[in-house]
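The chain below stands alone, shown as structure tokens; this is the form predicted on its own.
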Amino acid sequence: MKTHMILDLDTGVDDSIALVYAALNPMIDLLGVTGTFGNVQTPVGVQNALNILSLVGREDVPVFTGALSSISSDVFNRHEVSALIHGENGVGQVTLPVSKRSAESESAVDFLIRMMKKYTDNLVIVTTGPLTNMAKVLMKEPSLKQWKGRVVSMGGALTVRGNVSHFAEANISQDPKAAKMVFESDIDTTIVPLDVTMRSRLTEKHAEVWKASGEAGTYLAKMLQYYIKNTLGTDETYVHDPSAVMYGIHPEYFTVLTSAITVEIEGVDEGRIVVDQTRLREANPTSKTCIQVQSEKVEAQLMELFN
């Protein structure tokens, strides 16, 4: 049976790779994409998602516009490092063919609520940006705090340093209050943090294999090469967002720590994910954290992206 999935993206380069992986994977029924802010402004990310889906022949997958900024602010300021890593346009300065489609009129939050009510268990929502859309779902429909589906979130840093501060990872830092709200709900939530996403690597060899697959692969390869050049500066880079999608259908690739987690929302460690000390004795916490991964399996899956 296929896994029903929704991707909540701030569509930059690694989000695009994650989107292609989900869109082309026969194990996944991709119900839709919801856009948020982070790597780029929300409207830019939404257009990127539409373009990527058209590129791989998945115009049947609807795209919805979500939050423009955090639940605590009306303004979103993009990190300078995001522009460096993903390019000004979010897709490695590659000019993609423009989709003839537009985003749906229904909001991302309303779409998520509708799908969560329809699919009460066999649905995975994968977030690769701030958790603002999910937090707004819980604010609008509090009963969904007991929803029985799964949320998988690329975000956080548990045993390694953050990538925007000593403690904080970019996605969580953009809206720590939203993340705290989601993690402290009763939803089955798994975070896929830097601790594991940095263990797996995309390489120039991936780019060459993708190029040989045809037009879509060539565009994605160019995006990856830009990303590689502007992250580690070597011939490889990290597998952030695709790792979260992969956990959604291949949790056996990952080792997880089951514990109640929360997020620091103020002070020098704002955005830091920690175990909730008030819930240390909780018998069956609903939140999990990936702490190890079989990187070779992740990398092999992405090598076969267009097969």
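Quick caveat, the model's predicted, so the values are computed rather than measured. We number the residues from 1 along the sequence you see.
What comes next is about the form predicted together with a small molecule, which does not appear here.
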{"item": "T36, heavy atom within 4.5 angstroms of the small molecule in the predicted bound form", "value": "no"}
{"item": "4.5 angstroms heavy atom contact with the small molecule in the predicted bound form for A108", "value": "no"}
{"item": "4.5 angstroms heavy atom contact with the small molecule in the predicted bound form for N163", "value": "yes"}
{"item": "Heavy atom of M181 within 4.5 Å of the small molecule in the predicted bound form", "value": "no"}
{"item": "Segment that reaches the small molecule in the predicted bound form - one of 25-33, 256-264, 60-68, 239-247, heavy atoms within 4.5 Å", "value": "239-247"}
